[in-house]
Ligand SMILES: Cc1cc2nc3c(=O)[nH]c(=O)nc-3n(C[C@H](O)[C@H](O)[C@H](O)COP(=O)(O)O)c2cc1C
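Just the one chain here, the form predicted alone, laid out as structure tokens.
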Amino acid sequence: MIFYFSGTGNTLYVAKKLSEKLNQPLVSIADAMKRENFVYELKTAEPIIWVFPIYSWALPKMVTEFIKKVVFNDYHSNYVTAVITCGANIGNAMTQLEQIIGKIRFSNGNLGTLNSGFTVVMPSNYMIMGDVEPPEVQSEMLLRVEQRLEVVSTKIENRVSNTFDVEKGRFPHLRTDVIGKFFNKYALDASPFWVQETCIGCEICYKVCNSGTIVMNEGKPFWNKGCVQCLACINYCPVKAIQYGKKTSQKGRYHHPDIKVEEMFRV
């Protein structure tokens, strides 16, 4: 069973590829949170695979909240792994995930164990800080993703344990334990989002919003509290009408080219 969270399609693409290669069903964490679906039945030997992006070297807040609420029935020491997508590296986030999973108490009384973990480097979508890569660089990165997924899926299929094939980068503890915590505490602010007069009222931003933060009023989007900074709204706007403060008007946009926008709809 693959549990995934995706803002602009990178992680959904990875999750879909793993689903095809490993013959595992997909569960959207955003949809599960919205519907409050937290209880899952496990088949014998069925793996639990967590697939999500990294936000400022830490787990997305929604992913953390979901894992803390999830309940697995019929757990028999099932294989647990994680595939984290990132722009370059993940800091100490895999250890952070391991600690959270270690607090899950399954129906048989066992505590959770993360058996393995992997990273997949993808094109960046976080133009609030920096910018997206040029199209030719994105294409090269996506070609490398295919090779990487062959390696990762084979290791998961073979149930390798005590294997953490991840890109931590420099100063991983500082990045995750300081910068990441600061991000999740202070940077999940939707108030800088605004929409230009060029908005065509297509409601795509509203439909792709993972957290239900966006509401439509007279054909225009408005942002309430609860944003998780997935940036689906700004990257999927077809006319580039959504901005974040003064930081994004001259910057690029990105969403995975092989994921249809309808696959990202959360409403």
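Nothing here was measured: the structure is a model prediction, and the numbers come from that model. The numbering used is simple: start at 1 and walk along the sequence shown.
Another form exists, predicted in complex with this ligand; not displayed. Remarks below refer to it.
- Note on contacts: among N92, N89, N115, Q138, the single residue with a heavy atom within 4.5 Å of this ligand in the model of the complex is N89.
- The candidate stretches are 63-71, 32-40, 201-209, 222-230, and the one lying within 4.5 Å of this ligand in the model of the complex by heavy atoms is 222-230.
- Interface membership of N78, defined by any non-hydrogen atom within 4.5 Å of this ligand in the model of the complex, is ruled out.
- This ligand is not shown here, but in the model of the complex it comes within 4.5 Å of a heavy atom of Y55.
- Of the heavy atoms in M122, some are within 4.5 Å of this ligand in the model of the complex.
- The closest heavy atom approach of F183 to this ligand in the model of the complex falls within 4.5 Å.
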